[in-house]
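One chain comes next, on its own, written as structure tokens: the form predicted on its own.
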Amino acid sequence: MYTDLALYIDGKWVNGGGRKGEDVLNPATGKPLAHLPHAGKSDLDQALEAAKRGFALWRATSAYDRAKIMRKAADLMRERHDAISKVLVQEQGKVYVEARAEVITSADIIDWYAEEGRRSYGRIVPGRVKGTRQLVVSEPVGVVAAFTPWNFPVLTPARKIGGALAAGCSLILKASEETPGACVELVRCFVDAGLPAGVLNLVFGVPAEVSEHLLAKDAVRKISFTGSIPVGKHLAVLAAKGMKRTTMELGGHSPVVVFADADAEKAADTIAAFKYRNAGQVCISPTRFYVQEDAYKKFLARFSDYAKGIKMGDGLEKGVTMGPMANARRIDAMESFVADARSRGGNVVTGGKRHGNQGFFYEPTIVTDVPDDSKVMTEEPFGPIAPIVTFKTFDEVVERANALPFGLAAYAFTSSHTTAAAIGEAMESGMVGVNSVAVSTPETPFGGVKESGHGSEGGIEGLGAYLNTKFISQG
């Protein structure tokens, strides 16, 4: 049921050859699924040369013809969604229904970019002198180096591939070594759709070695990174040395504000389901819950009922609603968050410990009565832990919600149109969901502010991230 793992360079799948590598583990069992080859420096140099040739070919291909290949790839993703989803579950841990939704949504992303690439229009600016034509045109940036994490092994690469290809760029994608199989199958869809050799290259390896090698090359003109804040800052420094364009989608710590006038139980149902999606391993996962005092008891009771009703297990088993954490490191992190909360007077309402004796399972957890300077309230948990605390006034909660250096996503629930408008404006965040958690769609911008990064993926902003603007004045 798993897939054959390989690098994809210059139109060829390559493996073996004495390359170093690592085992890919199933987080539900902790056992190996397959062995993944790493790219050496010569592989990376070959990928770069291929991407340079691929860029020359792809930028000369009309947006109309580029779109046809991209749409065919999206159709193949839909045809193969079941097999790709099962590969994804085995290596990442999320339940099948979530994996399937990820693959289908990724196909939608590719489709949307295929069409939007045909609308990358310029404009004519009236000249001040008769006989002068002033043209503004958009041109592809060039070769792109893209880096993606393990929590969404298909969707995050699809965003970067979609934007780059639609703009006419070529790219070298370094996907996560912990979840390579689903991305291999994603790339295979583009290969089988007829994408020319060199336009898309897939590599794996020691992350620091791959990034430092590629970012030092003049041919790479754009970096798109999704991952942690420290790594993002490091890559931004490397990119600055060559004045390379960057898109940085980094960590967050999303506040949720539930006002007393909201339907507390409905809000709890909505946000709890979103909280425990992918075991909380989502960059826009709700992670700090502020509930106005009059709604607190009702919200907490309903949220707790939801958490206690979650069935844990292998994501391919029927009836399972939450899978394991992606790796052993996440278990250690959860234990650290809970230990700190307890030491600060926090109350563990439910969960708070590992589940089972194999794999990387951690119980859906709720902690209350934690101070704002506790670890779980100041550091992104990236797991199934929900700290829930109270607040009194609008101004107070805004100050607390905006106090951290992160600004990726934020959520609020209220029945007041006035409050809805006010909280949407007050949140220092790249995305705000008011009475909604739908902050990520193919046609809308996805990105953060402050230390959560800069630039957007999705929407016309996501396409523009791969385009240079040129002004031509013709007399």
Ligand code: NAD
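Quick note: we count residues from 1 along the sequence shown, nothing fancier. These numbers were taken from a predicted model, which means no experiment stands behind them.
We do not show the form predicted in complex with this ligand, though everything after this point is about it.
Of the listed positions (T226, T287, S85, S106), a single one reaches within 4.5 angstroms of this ligand by any non-hydrogen atom in the predicted complex, namely T226.
Think of it this way: in the predicted complex, this ligand has a heavy atom of just one of F299, Y113, F382, F360 within 4.5 Å, and the residue is F382. Considering this ligand in the predicted complex, the lone stretch of 389 to 397, 93 to 101, 147 to 155, 254 to 262 in range is 147 to 155 [heavy atom distance within 4.5 Å]. In the predicted complex, at least one heavy atom of E177 sits within 4.5 Å of this ligand. By the criterion of a heavy atom within 4.5 Å, S211 is counted among the residues contacting this ligand in the predicted complex. Using a 4.5 angstroms limit between non-hydrogen atoms, G127 is distant from this ligand in the predicted complex. In the predicted complex, at least one heavy atom of V231 sits within 4.5 Å of this ligand. If you check this ligand in the predicted complex, you find a heavy atom from every one of E249, C283 and R330 within 4.5 Å.
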